[in-house]
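Starting off, we have a lone chain in the form predicted alone, written out as structure tokens.
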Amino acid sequence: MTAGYAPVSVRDLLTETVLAAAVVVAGRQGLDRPVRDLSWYSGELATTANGHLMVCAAAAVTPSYRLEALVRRAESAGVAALLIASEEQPPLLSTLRLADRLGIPVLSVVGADLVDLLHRLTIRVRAPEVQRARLIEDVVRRLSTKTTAEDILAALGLALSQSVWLLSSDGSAIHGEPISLPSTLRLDLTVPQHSDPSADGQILIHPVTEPGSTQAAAWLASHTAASNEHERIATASALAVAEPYVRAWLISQRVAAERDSVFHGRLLADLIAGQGVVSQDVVERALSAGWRLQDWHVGIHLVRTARVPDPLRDDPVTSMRKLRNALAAQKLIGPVVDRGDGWTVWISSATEPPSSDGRRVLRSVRLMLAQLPAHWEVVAGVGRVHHGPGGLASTLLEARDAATLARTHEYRPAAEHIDELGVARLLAAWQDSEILRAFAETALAPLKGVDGGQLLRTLQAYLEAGGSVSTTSIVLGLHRNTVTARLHRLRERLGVDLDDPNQRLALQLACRSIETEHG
């Protein structure tokens, strides 16, 4: 018997793989009846059948009136449920109605080996620890040759017949579709946890820690369809067994990332220091890194300006993954080099891009910045298009200069193009003028105290996004329709045409003047 465990219910048993083909034909209101044991029904109902799941061969309930009589006797004997082999002739309608009225679940299976089914269910009900041991053995066997997170999760999901995720320390999905964790699960507590039982099952999470650390570097998560204690314990045990495999993969990834970061950082420094003179050694190292020095290049320099970084949420591997995902989403594909306080990125192409490509890259960079975690407070600079190894060094230096100017803005995220450097510096000087501040007070007065500053914030984001509603909605985390509605209100309150470049420039200067004053 299930000593030490709460008895499993009929509903829970139906979530087991062994009953995947079973169909409830009647008595659904009795699915929560506890199952304490199983019996084979051969025509006689034992007096000890209370709480039993009766497995019935077709011959024992044929003709149909026998099943109806069995339903009546099962209710009197306290039977948990009846499992019958499906027949060509379905049960009588009167039998189904009787089972519904008495709340006796009648389960039907087609073409099943009832003896094997009885054997497997008996182990499940009488000795769940045996089934759990078999599960762990299966998990260990499946994971023994797996070295990547993707393979580990796939093998674990097959063994558990459940969805399995690998989450970062802040709960975002590293592998698997995004999942919303219940608020009761505390990612700041490095212990295995599970959500409250519900009709949808339970979510379990297990921390993945690195040697010498008491913080979770990542989390394994799974969703069980059932919510019984046995299922939860079995799944939790399987996650615990898989954790060392994930930890080993995580450490290998981190070591590889650090090795690559050092190699790429030194190579980039040598390339920039050469100022167009590239040694054979640099060429060979660039070739091994997959860098195409002879192409046309556009450099991007990214700087994290957050004063208080979060080392738990922002470890190098996780940060690099988030950055690469954001770059890929905007089709900014190219080498990425970790510079400690940010990253250097460049886009290479075999043919010369059009002169407008710099603007296109700047728009893509602005959209990309909006996808990064807000607490990073990233600014970006974009260089011009240049050719060859020397051109790569030039565009990266330009991008760094543009990022330096973007860093002076109060607004985040901020991005500048090297071509705007002169204009931007002129505007920065204007921001401090008394004339501009007086204009700002007058022009933006209709927005003071309105909606808690939301309209002013929307105006600032819209202007800094180059008049893009899409970028504004991403930066503010709002729907496009909400941004459009706010822009309509801004036009009415300010009495300006936001499509007019001159009026947009004047308002942008006014907004920056206010930032400077309050900054």
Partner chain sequence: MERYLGADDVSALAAGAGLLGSGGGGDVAVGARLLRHALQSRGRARLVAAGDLPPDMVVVHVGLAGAPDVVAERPPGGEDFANAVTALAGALRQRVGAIGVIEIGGLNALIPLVAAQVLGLPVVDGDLMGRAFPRISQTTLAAAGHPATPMAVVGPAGDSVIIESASIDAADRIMRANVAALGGAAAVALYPCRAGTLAALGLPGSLSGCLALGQALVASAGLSVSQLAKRLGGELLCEGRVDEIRPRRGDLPGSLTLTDRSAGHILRLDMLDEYLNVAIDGVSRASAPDVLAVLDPVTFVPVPPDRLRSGQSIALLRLPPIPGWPDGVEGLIGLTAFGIDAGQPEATR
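Residue numbers count along the first chain shown, from 1. No experiment lies behind these values; they were computed from the predicted model shown. Rigid core (definition): largest C-alpha set, two forms, superposition within 1.5 Å.
One more form of this protein should be noted, the form predicted together with the partner chain, which is absent from this view; the next part is about it.
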Proximity of Y65 to the partner chain in the predicted complex, heavy atoms at 4.5 Å: yes
Contact of G342 with the partner chain in the predicted complex (heavy atom, 4.5 Å): no
Applying a 4.5 Å heavy atom distance criterion, does G43 contact the partner chain in the predicted complex? yes
Indicate whether the partner chain has at least one heavy atom within 4.5 Å of a heavy atom of Q89 in the predicted complex. yes
Please identify, from 360 to 368, 200 to 208, 94 to 102, 142 to 150, the stretch that has a heavy atom within 4.5 Å of the partner chain in the predicted complex. 94 to 102
Could you tell me which one of V450, A485, A69, A57 places a heavy atom within 4.5 Å of the partner chain in the predicted complex? A69
With the partner omitted here, the residue among H375, R126, H387, R73 that in the predicted complex has a heavy atom within 4.5 Å of the partner chain is R73
Could you tell me whether the Cα atom of A99 shifts by at least 2 Å between the shown form and the other one after core superposition? yes
